[in-house]
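Single chain ahead, written as structure tokens, the form predicted alone.
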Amino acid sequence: MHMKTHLDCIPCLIRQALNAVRMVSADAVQHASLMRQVLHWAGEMDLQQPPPVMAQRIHRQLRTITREEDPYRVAKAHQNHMALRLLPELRAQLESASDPLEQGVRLAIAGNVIDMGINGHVTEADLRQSVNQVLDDSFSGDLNVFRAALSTARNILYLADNAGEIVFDRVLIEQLGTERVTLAVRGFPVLNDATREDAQSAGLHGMVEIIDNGSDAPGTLLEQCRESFVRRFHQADLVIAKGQGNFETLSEETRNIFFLFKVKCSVIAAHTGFPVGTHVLGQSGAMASCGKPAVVSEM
């Protein structure tokens, strides 16, 4: 089960498509070709499906017309490089924190600012600002509930979101205990979402087991994922899902999932009850409230 597509998602998806094709191609004919397709699809799209379904369709077409298997490869490498330069600062923050787990959660969510579906121009200065103000940002979540779930979990499945952001995830994963964490990435390139190649370049291949979900959706559409991934998803004691795309596709699943993301748009704000900009640590069930605020405590 998952969120539905809101009418306000449609202009956002159209803007995303235009930004994407302009970023990867200078050919005005290709720009027009993609936009005509997207406008056609928008008129017939199934609003019962979550937004990542339409985004998946857009980016499949983008790869087709540009004949690029991974149009965002260069951008993702740059994002990983930016984040890796910040890694010593991230670890220094953890070492000086009175509660390293809380700091790790906050930093992991801060890394969710790297999202080319929302903002294609995140700079290293933006990242550093996000890190420096991590304790000042509005935060909603019950860390004690999360800590209790972690205390009994022997098998944690960590669903990654974006390249660059996975360096921030790396810091939290080190706090969780790498021996019990499996990192899941996208099966094929889409947007700047992390694939196996991106996880390896971020240094995670030597730390944790890395699996991919077999899908090219910018979220986790279980009905599209490979059987081995779905089996691991259901076998995990605890699932941690990063980013809005994973929230949009998994928010109504009955599994014990903790979502970590930054609220970046009015649709997610209305669905969760949290203002745009809020950093959220939310638990499945509590967040599937059909637009009512999730039951969490302010920290």
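Throughout, we count residues from 1 along the sequence that is shown. Just so you know, these numbers come straight off a predicted model, no measurement behind them.
A second form of this protein, the form predicted in complex with another copy of the chain, is not displayed here; the remarks below concern that form.
Among 31, 57, 264, 255, the residue placing a heavy atom within 4.5 Å of another copy of the chain in the model of the complex is 31. Only one of 53, 230, 42, 65 lies close to another copy of the chain in the model of the complex, with a heavy atom inside 4.5 Å, and it is 42. The chain is drawn here without another copy of the chain; in the model of the complex, the stretch among 45-53, 66-74, 269-277, 240-248 whose residues come within 4.5 Å of it by any heavy atom is 45-53. Not displayed here, another copy of the chain is approached by residue 18 to within 4.5 Å at the level of heavy atoms in the model of the complex. At least one heavy atom of residue 10 is located within 4.5 Å of another copy of the chain in the model of the complex.
The shortest heavy atom separation between residue 14 and another copy of the chain in the model of the complex is within 4.5 Å. For residue 234, no non-hydrogen atom is located within 4.5 Å of another copy of the chain in the model of the complex, even though that partner is not displayed. In the model of the complex, another copy of the chain lies beyond 4.5 angstroms of every heavy atom of every residue of 94-114.
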